[in-house]
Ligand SMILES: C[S@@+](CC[C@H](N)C(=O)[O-])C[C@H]1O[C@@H](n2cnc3c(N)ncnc32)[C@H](O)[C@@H]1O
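Below sits a lone chain in structure tokens, taken as the form predicted alone.
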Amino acid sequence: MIKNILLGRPFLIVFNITRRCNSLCTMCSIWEIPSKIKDELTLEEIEVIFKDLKSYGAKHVFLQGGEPLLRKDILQIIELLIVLGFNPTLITNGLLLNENNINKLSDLKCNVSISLDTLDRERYKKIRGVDKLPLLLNIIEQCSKIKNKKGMWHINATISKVNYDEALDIFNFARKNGFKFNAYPYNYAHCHSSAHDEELSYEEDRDKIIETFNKLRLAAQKEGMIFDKIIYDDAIKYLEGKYNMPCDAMKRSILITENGKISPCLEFKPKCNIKEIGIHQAFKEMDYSKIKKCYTETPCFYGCTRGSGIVIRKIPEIFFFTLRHPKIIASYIKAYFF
């Protein structure tokens, strides 16, 4: 992984493990064209691909979709990735979590991120397209009762014009239930995987969203959540139109689709199949100039393409924080590197 960081090669694999989903989020277009089970990578194919990715220096994997828990073999996939030496993070809407898989996940070295954008039932229906908030809140309560989870568990929120006034409430709800908290602004680029929803969009009035992220930044700083704080620093710059850092797609992260195709990120159409030609050849066939054109003309702020690069660029700030709060940093290192 260190070698990849120094060489500017991806160490984070964003694995869109399925296009099937049990939500109908207005910010997403993936669910509109669901994958067929027969076209999704088998466990055996995943093993071959990720052995190749491991030899390339990749370390972290985001397992997302669609809804990854719709794959009946998801726990086997997580166990396989752990055996291969990867650090997996399951990104889920949480609706298919139950006592059985919650207990199994908590006993695996796997981080879990549950999407929760609002505590209001009507808003949840608007954003997620299904009337499932009471179910999700009950599931989160079940998760909160599990002690000594081996991975780091987060609640993740996408902040938009619909829910900006709830951000701190969700932050406090997450902390109360023993979760870490992440938030990113709603954004969309080419709409290959995202979708534009005018009701969520804040293009004409960014001040309220910026104010919300300033509050989140202060809350994260107060709680010693250094990685969240530095993400919010850059999110504010992005919202203010001052963010022009090179995109980290292809340099820090890469996307693998449910059938093995490779793409710089969510917003680019996959080009070639890593199952057929391997990561080294696939990477040679990709063109970073298209990424440069994208972040210059239509910048976005996705967690998968921005988060890892921001952390690396802020190493001096993290270092000085570590000197003052070694136990906090140790918990992150334990969750994400060992």
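Just so it is clear, the model here is predicted, and its values are computed rather than measured. Counting begins at 1, following the sequence as shown.
There is another form of this protein, the form predicted in complex with the ligand, and it is not shown here; the text below is about that form.
Every residue in the set Met27, Thr92 and Asn187 has a non-hydrogen atom no more than 4.5 Å from the ligand in the predicted complex. Proximity to the ligand in the predicted complex, defined as a heavy atom within 4.5 Å, holds among Thr118, Thr158, Asn111, Thr257 only for Thr158. Of the listed positions (Thr212, Asn163, Asn87, Ser194), a single one reaches within 4.5 angstroms of the ligand by any non-hydrogen atom in the predicted complex, namely Ser194. Though the partner is left out of this view, Glu67 does reach within 4.5 Å of the ligand in the predicted complex, counting heavy atoms only. Taking the partner from the other structure, the ligand in the predicted complex has no heavy atom within 4.5 Å of any heavy atom of Lys251. Remark: Tyr302 counts among the residues lining the ligand in the predicted complex, judged by a heavy atom distance of 4.5 Å or less. Though the partner is left out of this view, Lys149 does not reach within 4.5 Å of the ligand in the predicted complex, counting heavy atoms only.
Figure note: of the listed segments 40-48, 273-281, 308-316, 59-67, the one touching the ligand in the predicted complex, with heavy atoms no more than 4.5 Å away, is 59-67.
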